[in-house]
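Let's start with one chain on its own, the form predicted on its own, as C-alpha coordinates.
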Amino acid sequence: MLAVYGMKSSGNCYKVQLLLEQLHRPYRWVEVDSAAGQTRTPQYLAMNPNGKVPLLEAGPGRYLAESNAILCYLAEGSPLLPQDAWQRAQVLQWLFFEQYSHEPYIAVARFICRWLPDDHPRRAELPRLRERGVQALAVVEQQLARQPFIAGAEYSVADIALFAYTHAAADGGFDLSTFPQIQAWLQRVRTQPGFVAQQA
(Lines give C-alpha, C1' and ligand atoms only; values in the text may rest on other atoms or scores of the structure.)
Protein backbone atom coordinates (compact mmCIF):
# COMPACT_ATOMS: atom_id res chain seq x y z
CA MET A 1 0.00 0.00 0.00
CA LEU A 2 1.12 3.55 -0.71
CA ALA A 3 2.24 5.58 2.29
CA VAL A 4 2.22 9.36 2.50
CA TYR A 5 4.34 11.18 5.04
CA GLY A 6 2.80 14.59 5.52
CA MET A 7 1.26 17.29 7.67
CA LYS A 8 -2.50 17.76 7.41
CA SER A 9 -2.09 21.54 7.79
CA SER A 10 0.23 21.76 4.76
CA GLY A 11 -1.28 22.67 1.40
CA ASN A 12 1.45 20.75 -0.41
CA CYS A 13 0.50 17.64 1.55
CA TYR A 14 -3.21 18.26 1.05
CA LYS A 15 -2.68 18.11 -2.72
CA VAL A 16 -1.53 14.51 -2.43
CA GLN A 17 -4.36 13.53 -0.09
CA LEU A 18 -6.98 15.11 -2.36
CA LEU A 19 -5.65 13.35 -5.46
CA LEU A 20 -5.51 9.96 -3.75
CA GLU A 21 -9.08 10.35 -2.53
CA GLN A 22 -10.28 11.36 -5.99
CA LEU A 23 -8.48 8.41 -7.56
CA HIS A 24 -9.92 6.06 -4.89
CA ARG A 25 -6.44 4.76 -4.19
CA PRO A 26 -5.85 3.13 -0.80
CA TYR A 27 -3.03 4.69 1.17
CA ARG A 28 -1.62 5.01 4.66
CA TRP A 29 -1.14 8.50 6.07
CA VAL A 30 1.82 9.06 8.40
CA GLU A 31 1.53 12.42 10.16
CA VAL A 32 4.94 14.10 10.39
CA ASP A 33 5.37 17.34 12.33
CA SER A 34 8.11 19.23 10.54
CA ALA A 35 7.82 22.13 13.01
CA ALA A 36 8.85 19.72 15.77
CA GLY A 37 11.87 18.52 13.80
CA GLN A 38 10.41 15.18 12.70
CA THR A 39 11.63 15.68 9.13
CA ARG A 40 15.22 16.18 10.34
CA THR A 41 15.72 12.83 12.04
CA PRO A 42 18.26 10.40 10.55
CA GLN A 43 15.42 7.99 9.74
CA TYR A 44 13.44 10.58 7.80
CA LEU A 45 16.47 12.05 6.06
CA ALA A 46 17.36 8.55 4.84
CA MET A 47 14.04 8.58 2.97
CA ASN A 48 14.14 12.23 1.88
CA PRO A 49 17.51 13.99 2.20
CA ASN A 50 15.77 17.34 1.63
CA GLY A 51 13.91 16.86 4.91
CA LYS A 52 10.49 18.04 3.76
CA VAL A 53 6.94 16.83 3.40
CA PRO A 54 5.09 15.45 1.55
CA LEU A 55 6.91 12.24 0.80
CA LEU A 56 5.37 9.28 -1.03
CA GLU A 57 6.52 5.75 -0.29
CA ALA A 58 5.52 3.84 -3.42
CA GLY A 59 7.15 0.56 -2.39
CA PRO A 60 10.17 -0.81 -0.55
CA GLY A 61 12.97 1.71 -1.01
CA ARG A 62 10.92 3.81 -3.47
CA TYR A 63 10.49 7.33 -2.14
CA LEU A 64 9.26 10.33 -4.11
CA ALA A 65 9.37 13.90 -2.82
CA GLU A 66 8.04 17.22 -4.19
CA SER A 67 4.27 17.52 -4.19
CA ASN A 68 3.75 18.17 -7.88
CA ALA A 69 6.05 15.32 -8.91
CA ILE A 70 3.96 13.09 -6.67
CA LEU A 71 0.78 14.36 -8.34
CA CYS A 72 2.13 13.49 -11.78
CA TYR A 73 3.26 10.03 -10.70
CA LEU A 74 -0.04 9.15 -9.05
CA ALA A 75 -2.22 10.60 -11.82
CA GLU A 76 -0.41 8.77 -14.63
CA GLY A 77 -2.94 6.88 -16.75
CA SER A 78 -5.92 8.78 -15.31
CA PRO A 79 -7.92 11.62 -16.89
CA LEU A 80 -6.31 14.01 -14.40
CA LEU A 81 -3.02 13.93 -16.35
CA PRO A 82 -3.59 14.12 -20.12
CA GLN A 83 -1.83 11.69 -22.44
CA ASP A 84 -1.69 14.17 -25.33
CA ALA A 85 1.72 15.86 -25.28
CA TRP A 86 0.41 19.40 -25.74
CA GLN A 87 -2.36 19.05 -23.18
CA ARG A 88 0.07 17.50 -20.71
CA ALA A 89 2.47 20.39 -21.25
CA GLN A 90 -0.36 22.80 -20.42
CA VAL A 91 -0.86 21.00 -17.10
CA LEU A 92 2.87 20.99 -16.38
CA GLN A 93 3.08 24.69 -17.17
CA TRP A 94 0.63 25.43 -14.37
CA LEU A 95 2.32 23.04 -11.96
CA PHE A 96 5.55 24.97 -12.46
CA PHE A 97 3.70 28.28 -12.13
CA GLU A 98 2.18 27.11 -8.85
CA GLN A 99 5.54 26.27 -7.31
CA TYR A 100 7.46 29.27 -8.64
CA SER A 101 4.97 32.17 -8.81
CA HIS A 102 2.09 31.23 -6.49
CA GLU A 103 3.06 29.01 -3.55
CA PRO A 104 6.12 31.06 -2.47
CA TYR A 105 3.83 34.03 -1.78
CA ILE A 106 0.38 32.67 -0.93
CA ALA A 107 1.66 29.80 1.21
CA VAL A 108 4.41 31.74 2.94
CA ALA A 109 2.05 34.58 3.86
CA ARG A 110 -0.35 31.97 5.26
CA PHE A 111 2.44 30.41 7.32
CA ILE A 112 3.55 33.73 8.77
CA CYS A 113 0.00 34.79 9.65
CA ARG A 114 -1.11 31.47 11.11
CA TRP A 115 1.93 30.14 12.88
CA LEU A 116 4.27 32.99 13.78
CA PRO A 117 3.65 35.38 16.69
CA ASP A 118 2.46 38.92 16.05
CA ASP A 119 5.86 40.39 16.93
CA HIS A 120 7.89 38.00 14.75
CA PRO A 121 10.32 39.83 12.44
CA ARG A 122 9.15 37.83 9.42
CA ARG A 123 5.87 39.77 9.50
CA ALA A 124 7.81 42.53 7.78
CA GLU A 125 7.76 40.30 4.67
CA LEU A 126 3.96 40.35 4.42
CA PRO A 127 3.50 43.47 2.23
CA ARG A 128 5.81 42.10 -0.47
CA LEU A 129 4.37 38.60 -0.21
CA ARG A 130 0.85 39.95 -0.60
CA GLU A 131 1.83 42.12 -3.54
CA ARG A 132 3.36 39.18 -5.39
CA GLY A 133 0.56 36.85 -4.31
CA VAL A 134 -2.07 39.20 -5.74
CA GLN A 135 -0.12 39.24 -9.01
CA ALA A 136 -0.24 35.44 -9.12
CA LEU A 137 -3.96 35.39 -8.32
CA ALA A 138 -4.56 37.89 -11.12
CA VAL A 139 -2.87 35.52 -13.58
CA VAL A 140 -5.11 32.67 -12.41
CA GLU A 141 -8.18 34.92 -12.60
CA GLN A 142 -7.35 35.83 -16.20
CA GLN A 143 -6.86 32.18 -17.13
CA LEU A 144 -10.17 31.15 -15.56
CA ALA A 145 -12.01 33.86 -17.47
CA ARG A 146 -11.24 31.86 -20.62
CA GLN A 147 -11.99 28.32 -19.49
CA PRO A 148 -13.56 26.46 -16.56
CA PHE A 149 -10.40 24.79 -15.28
CA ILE A 150 -6.79 25.85 -15.02
CA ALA A 151 -5.33 23.88 -17.92
CA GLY A 152 -8.41 23.67 -20.14
CA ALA A 153 -11.95 22.39 -20.25
CA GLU A 154 -11.28 19.44 -17.95
CA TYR A 155 -10.32 19.14 -14.28
CA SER A 156 -6.69 18.06 -13.81
CA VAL A 157 -3.84 17.91 -11.34
CA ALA A 158 -3.18 21.56 -12.23
CA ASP A 159 -6.44 22.41 -10.46
CA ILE A 160 -5.50 20.29 -7.45
CA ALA A 161 -2.10 21.97 -7.21
CA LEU A 162 -3.50 25.50 -7.34
CA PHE A 163 -6.56 24.78 -5.21
CA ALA A 164 -4.44 23.67 -2.25
CA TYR A 165 -3.26 27.14 -1.26
CA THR A 166 -5.73 29.32 -3.18
CA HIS A 167 -8.70 28.05 -1.17
CA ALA A 168 -6.85 29.05 2.02
CA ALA A 169 -5.45 32.35 0.72
CA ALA A 170 -7.53 34.35 3.22
CA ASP A 171 -5.35 32.85 5.97
CA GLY A 172 -2.51 34.94 4.56
CA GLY A 173 -4.55 38.11 4.29
CA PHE A 174 -5.64 37.80 0.65
CA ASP A 175 -9.12 39.03 -0.28
CA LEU A 176 -10.59 36.61 -2.81
CA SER A 177 -13.79 38.64 -3.17
CA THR A 178 -12.00 40.67 -5.84
CA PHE A 179 -11.45 37.51 -7.93
CA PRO A 180 -14.90 36.26 -9.04
CA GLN A 181 -13.53 33.74 -11.53
CA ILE A 182 -11.39 32.17 -8.83
CA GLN A 183 -14.33 32.03 -6.45
CA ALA A 184 -16.46 30.23 -9.04
CA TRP A 185 -13.60 27.84 -9.84
CA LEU A 186 -13.10 26.99 -6.16
CA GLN A 187 -16.73 25.87 -6.08
CA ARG A 188 -16.28 23.80 -9.23
CA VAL A 189 -13.33 22.03 -7.65
CA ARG A 190 -15.34 21.33 -4.49
CA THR A 191 -18.03 19.60 -6.57
CA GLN A 192 -15.60 17.18 -8.26
CA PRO A 193 -16.15 13.48 -7.44
CA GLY A 194 -14.20 12.31 -4.42
CA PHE A 195 -13.42 15.80 -3.19
CA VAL A 196 -12.38 16.04 0.47
CA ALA A 197 -11.81 19.25 2.39
CA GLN A 198 -8.50 19.95 4.09
CA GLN A 199 -8.71 18.70 7.66
CA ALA A 200 -6.47 21.26 9.35
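From 1 onward, residues are counted along the sequence shown. Only a predicted model underlies this, so the values are computations on that prediction, with no experimental measurement involved.
One more form of this protein, predicted in complex with another copy of the chain, exists but is not displayed; see below.
Contact with another copy of the chain, judged by heavy atoms within 4.5 Å in the predicted bound form, is confined among 169 to 177, 60 to 68, 152 to 160, 23 to 31 to 60 to 68.
Contact check for residue 80: every heavy atom lies farther than 4.5 Å from another copy of the chain in the predicted bound form.
Shown alone here, residue 109 lies farther than 4.5 Å from another copy of the chain in the predicted bound form, counting heavy atoms only. Using a 4.5 angstroms limit between non-hydrogen atoms, residue 37 is distant from another copy of the chain in the predicted bound form. Although the partner is absent here, residue 92 is a contact residue: one of its heavy atoms lies within 4.5 angstroms of another copy of the chain in the predicted bound form. The partner is not shown here, but in the predicted bound form the stretch 77 to 115 reaches within 4.5 angstroms of another copy of the chain through a heavy atom at 85, 86, 88, 89, 90, 92, 93, 95, 96, 97, 99, 100, 101, 103, 104.
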